[in-house]
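Same chain, two versions here, written out as structure tokens and called structure 1 and structure 2.
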Structure 1
């Protein structure tokens, strides 16, 4: 998915206008370029060419801004609302592969890596506030949307599992594996990109082997 399309998808999923999404995209860019110190209200307002008043109106204080940034970033992982009656084995696999590809793209991007590294750094000195936000506004929100697709697959009798949350945990583990950790530790993401598409396909096929309805 192209950057412009990711931005539009992220804004829509977070219930934001395109202008608000553009401001958050610039804020995320500041975080990547300058680290935590660059992420000030004045700096974001200047970089995004908007007033500090608008930032406070849209996102509240700095913590609210960071929360919105995480929600917006997580929204770039596309999921689709599907009618179980219209699902086929082929279309379900297609939706799952698209989801897996987006998940890999977003997690491997500079923005997600910067947010996760910042959360890890803060956890040892300031508590785990940002880490909790990443879980609540990031992974869990993605998981809720993915679970809806998995539930549709179960209703269509294409998937079998005890709970959608557990099934999503399996899918997430198969897709991400140790890749995210390797990149957080400094392995060059560009060198891994050639693995992304085959990884998504193989992860989904392994998931369907485990949870595809038999017979």
Structure 2
């Protein structure tokens, strides 16, 4: 029975059975592969070897299933801690570059793109419920990491900015530009990632030009 904790992958993080987590995993697979059209209750039940009745018992309705998928997926991401001690200009730059790379990785991920597409499609016909959820669970995490890193840089007198939020917005824009939108519109994600990853260092350099406290 030692395999118990193997695939928690955020199932327990949302208070779900391991079985339910596996179902959500299959549902995410369907969504990635075929888009919203492929995310039918019957399809999920078939792919996950469960009954539709169980789906409705566990998640309420289709929207509940989708919400559960979002929180489940968000439970996977693990934010990395940065210790503020001994932060030099060089190590800060390294951390920023690593952060930029991780940001690109997250945004260009299959599941992330599929969930964003789903939430965007739902945003028109419904209140921004799913969109808000995705924003809260997804961006908040990586945004916290960025804020911590930026604050640490400021505390070490290596960065200067008014608010960490605004500075993060600048960094985000420099790194991402319109890459995310283009991927959402269907442009080849891996190709775009290859195009943008080398720019990460330049983006960080630009950010340091704007907010570095050294000059």
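Numbering follows the first chain given and starts at 1. Everything numeric here is computed off the predicted structure, so don't read it as measured data. Here the rigid core means the biggest group of C-alpha atoms that line up within 1.5 Å when the two forms are laid on top of each other.
Is the form predicted alone shown as structure 1 or as structure 2?
Structure 1 is the one predicted alone.
Looking at the domain motion between structures 1 and 2, are residue 55 and residue 120 in one rigid part, yes or no?
No, since residue 55 and residue 120 fall within separate rigid parts of the motion between structures 1 and 2.
Relative to the larger rigid part, how many degrees does the smaller part rotate between structures 1 and 2?
In whole degrees, the smaller rigid segment turns 31.
Distance the CA of residue 68 travels between structures 1 and 2 [rigid core superposed, Å]:
So the C-alpha of this residue moves 6.7 Å.
Per-residue CA shift, residue 43 (Å; core superposed between structures 1 and 2):
Core-aligned C-alpha shift comes out at 8.4 Å.
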